[in-house]
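One chain follows as structure tokens, the form predicted alone.
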């Protein structure tokens, strides 16, 4: 974790060190710019969330020097079968055959915490990239020359970062968006799904393809991830309690 330097100015300050902020910070640092990143939590969330990437994302990760890492960290997405109410196949999506237009496999699965750690490790290689973990943005001020971001550590200590530009990569509850008064269009799509990630001791016994269960009684998804990761996503029906669904005894 970096310490702020008095009277110094960064080229770009970034709020948020999730995948978007970390990739952007790496690209800027690689270009020789001085970057400061503020992230409100210290540790990477240790559960997989996103599980698929495409070849365009892989090209970006390759460009920041993570090509060799990604080759070992991904698995091909082998296509999906969509099953109807009687269990019959109603739609098949097959993966694109080679040669691949961008060199990489067009669709792959990955483990998000592993990628986030690799992004942080890569960013740490740049002496002109300053990362402030466990620090919240609390105020913004802009004048004719720079933006001043005031951040606060968990201890309550405040510090300032001065930068020519500031970029908000801090998600749906964005501090930056709220500070700038930028509106948010909510499409009101609100459904509870339970996501179960497992590490199987016998991957060969599980299907190699993804399955979409198009069942009105209980829609669901199965996704084979890299190595021995296997995911099930199960829709909760109206009236079902998400907290109760998270207890193993329900199932």
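Quantities reported herein were computed from a predicted structural model and do not represent experimental measurements. Positions refer to the first chain, counted from 1.
One more form of this protein, predicted in complex with a small molecule, exists but is not displayed; see below.
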Any of the heavy atoms of residue 161 lying within 4.5 Å of the small molecule in the predicted bound form?
-> no
For residue 34, is any heavy atom within 4.5 Å of the small molecule in the predicted bound form, or not?
-> no
With the cut-off set at 4.5 Å between non-hydrogen atoms, does residue 9 touch the small molecule in the predicted bound form?
-> no
Residue 171: heavy atom within 4.5 Å of the small molecule in the predicted bound form?
-> yes
Residue stretch of 153-161, 92-100, 67-75, 129-137 approaching the small molecule in the predicted bound form, non-hydrogen atom distance within 4.5 Å = 129-137
